[in-house]
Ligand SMILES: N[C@@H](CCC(=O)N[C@@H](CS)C(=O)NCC(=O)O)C(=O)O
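Just the one chain here, laid out as structure tokens, in the form predicted alone.
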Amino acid sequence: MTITITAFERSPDRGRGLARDMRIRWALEEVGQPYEVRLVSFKAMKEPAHLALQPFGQIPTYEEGDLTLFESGAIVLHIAERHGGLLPDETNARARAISWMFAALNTVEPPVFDHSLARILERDQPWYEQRLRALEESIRKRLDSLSAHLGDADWLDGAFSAGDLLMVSVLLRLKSSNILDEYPNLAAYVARAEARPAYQRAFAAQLAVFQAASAG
């Protein structure tokens, strides 16, 4: 059965690999599964056909046979559980990897995403500087703990896992600020992940969509 995912027809990230379909592309590349992409416009995302797949009118979605999924974390977990390479075989290690998946999305991502959004949408607001400082303080608290845990290791818990995939996907949003540079081990961690062939294939595929849309 062919896997089909949805992605932005014109991504607001301008081909930087930050849109959440990138996580799904990367996971599928890591496990060696082919997939097709259906590009969706912002208008189509709010229409009944897409809302039947994604009740909140977002991307990505995942379709395989009679299975339809939404939410990038749930999709990555499904891929990791069905195909080898993203979750350890040993029971406790597998549970820890899943814990890191949740930590990436529930603990680290919220202030990181709000920070990137504030820099785009709230610059003209009188509270902007105060809001930014508060978010950066929250981000640094998270990164202090993450950096301490990672130490000199290559990955969060032994071999590369879906936990690392989602954590790096979140940290990539900080590359446009100077915050990540304050943590050399985390910056090196992100660079290691970006050097993975599966990441590079996924990034190239997402960038090609942006380039095609820009040329059109």
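Fair warning: this is a prediction, and the values are worked out from it, not measured in the lab. The first residue of the shown sequence is 1; numbering continues from there.
One more form of this protein, predicted in complex with the named molecule, exists but is not displayed; see below.
Novice: Judged by heavy atoms and a 4.5 Å cut-off, are H115, S147 and Y183 together in contact with the named molecule in the predicted complex?
Specialist: Looking in the predicted complex, the three residues H115, S147 and Y183 all stay beyond 4.5 Å of the named molecule (heavy atoms).
Novice: Can you check whether E136 is within 4.5 Å of the named molecule in the predicted complex, heavy atom basis?
Specialist: No, E136 is distant from the partner.
Novice: Should G57 be counted as a contact of the named molecule in the predicted complex, where contact means heavy atoms within 4.5 Å?
Specialist: Looking in the predicted complex, residue contacts with the named molecule include G57, since a heavy atom lies within 4.5 Å.
Novice: Is R16 close enough to the named molecule in the predicted complex to count, meaning some heavy atom within 4.5 Å?
Specialist: Result no; R16 lies far from the named molecule in the predicted complex.
Novice: Can you check whether R20 is within 4.5 Å of the named molecule in the predicted complex, heavy atom basis?
Specialist: Within the cut-off, so yes.
Novice: Hey, of 25-33, 40-48, 183-191, 152-160, which bit sits against the named molecule in the predicted complex at 4.5 Å between non-hydrogen atoms?
Specialist: Correct option: 40-48.
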